[in-house]
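Below you will find one chain, with nothing else, as structure tokens; this is the form predicted alone, and questions on how it binds or moves follow later.
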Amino acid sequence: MSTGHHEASWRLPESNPFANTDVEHYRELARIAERGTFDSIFFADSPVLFSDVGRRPAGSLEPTVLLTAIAAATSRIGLIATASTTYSDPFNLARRFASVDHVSGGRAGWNVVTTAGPDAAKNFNLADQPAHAERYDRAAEFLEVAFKLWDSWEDGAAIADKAAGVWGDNAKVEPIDHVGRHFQVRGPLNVPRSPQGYPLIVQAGSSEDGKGLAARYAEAVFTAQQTLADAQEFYADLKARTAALGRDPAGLKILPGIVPVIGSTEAEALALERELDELIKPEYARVQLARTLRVAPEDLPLDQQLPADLPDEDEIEGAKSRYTLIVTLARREHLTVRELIGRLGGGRGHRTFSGTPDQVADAIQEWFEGGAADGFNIMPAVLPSGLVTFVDHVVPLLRKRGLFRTEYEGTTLRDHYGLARPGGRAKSLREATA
């Protein structure tokens, strides 16, 4: 999020308001995170202009292109980019992520999204977004095609026998001949099998369709919960769904987002949080909230609570789970629209936490040991300063408590997550029918 996850972070004197297109800014963030032995860095993305350009730095570099630049500036940290299955084709994305995996030496991850909202649809020759269930049905087939393409080259297909004049073994590179409801793809991929076999598959939807997709395909899930109880319920549900499909639940890492605002004292952290919240321009934020809730901005008076007659989740074709989270938060805590805007300004529905390094470490440990998380998506309110503070003051506490690595033990993103490299489906299918 360039200057930080708090929407007003760009207004601080320390912030570079043009960081969103500054490659060196992102390289430096990656180096800081790598110094903290983070598993990965993660770039959200959308095929539509994100936010009102008056509100905060808007417009973003295409993330897989950005990751190749970051790969050259780092050596271990994983590199995860978002790409939409609704507004892409499987061949192009399979090739793109295989390429990033090669360029980075096996550090690529793909955050699979179905893209909510009518604005994106209008960028792709559509009058409106496809229905929620239709987007997820397409996403499932999209992933199946991508897996087949990544497996269309076996390991060892490139022989490079100079004496014989044979570069590759044709028997180990085959078309996939996929014919389905949404796609017809002949293959094979025009990129050899990459170091990880497949990039790490990440998913971030928490609707029923989203959880179904995650249980079947995902290896990591980014999620948003406000309370320990909600996080525990989501964690148990998704692990159970994964096991019911015959997968090892340990092969799916659940990572709630947390927005830490850190000070040397609790009062200092709260003062920084207040400073950021006071820099929010509510007229911009109210328009965005109204769009999410599918109401008119004038229906959301700043100093009143949300109207009682909001749509049900079933009526929402966009980001269903985020809609429900926002409405539940506002109702549970009886927040006015102005107060809700302040709560969402830091993390857009993710848990925000202000305190000392010890208090942040305590909050992380409580959720981890309480069966609510396998790890966390750290979302500093201000970048780079919030990341530096986390790496220098929270990571040492987690290490001291035996909760986090002191150094990298592997070289690939799968190594960091403790996940095995896929063996290759094409080869195993041939062996099964031989």
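Start at 1 with the first residue shown and count on from there. All values reported here derive from a predicted model rather than from experimental measurement.
Quick note: we don't show the form predicted in complex with another copy of the chain, though the next part is all about it.
In the predicted complex, none of the heavy atoms of Gly117 sits within 4.5 Å of a heavy atom of another copy of the chain. The closest non-hydrogen atom of Gly370 lies beyond 4.5 Å of another copy of the chain in the predicted complex. Using a 4.5 angstroms limit between non-hydrogen atoms, Ser385 is distant from another copy of the chain in the predicted complex. Contact between Leu419 and another copy of the chain in the predicted complex is not found at the 4.5 Å heavy atom cutoff.
Comparing 236-244, 253-261, 207-215, 150-158 against another copy of the chain in the predicted complex, the single stretch with non-hydrogen atoms within 4.5 angstroms of it is 150-158. Checked against another copy of the chain in the predicted complex, the residues Ser46, Gln365, Thr37, Thr389 give one hit for a heavy atom within 4.5 Å, which is Ser46. Listed residues Gln184, Thr227, Ser75, Gln304 were compared with another copy of the chain in the predicted complex; Gln184 is the one with a heavy atom within 4.5 Å.
Along 168-205, residues Gly168, Asp169, Asn170, Val173, His182, Phe183, Gln184, Val185, Arg186, Gly187, Pro188, Leu189, Asn190, Val191, Pro192 each place a heavy atom within 4.5 Å of another copy of the chain in the predicted complex.
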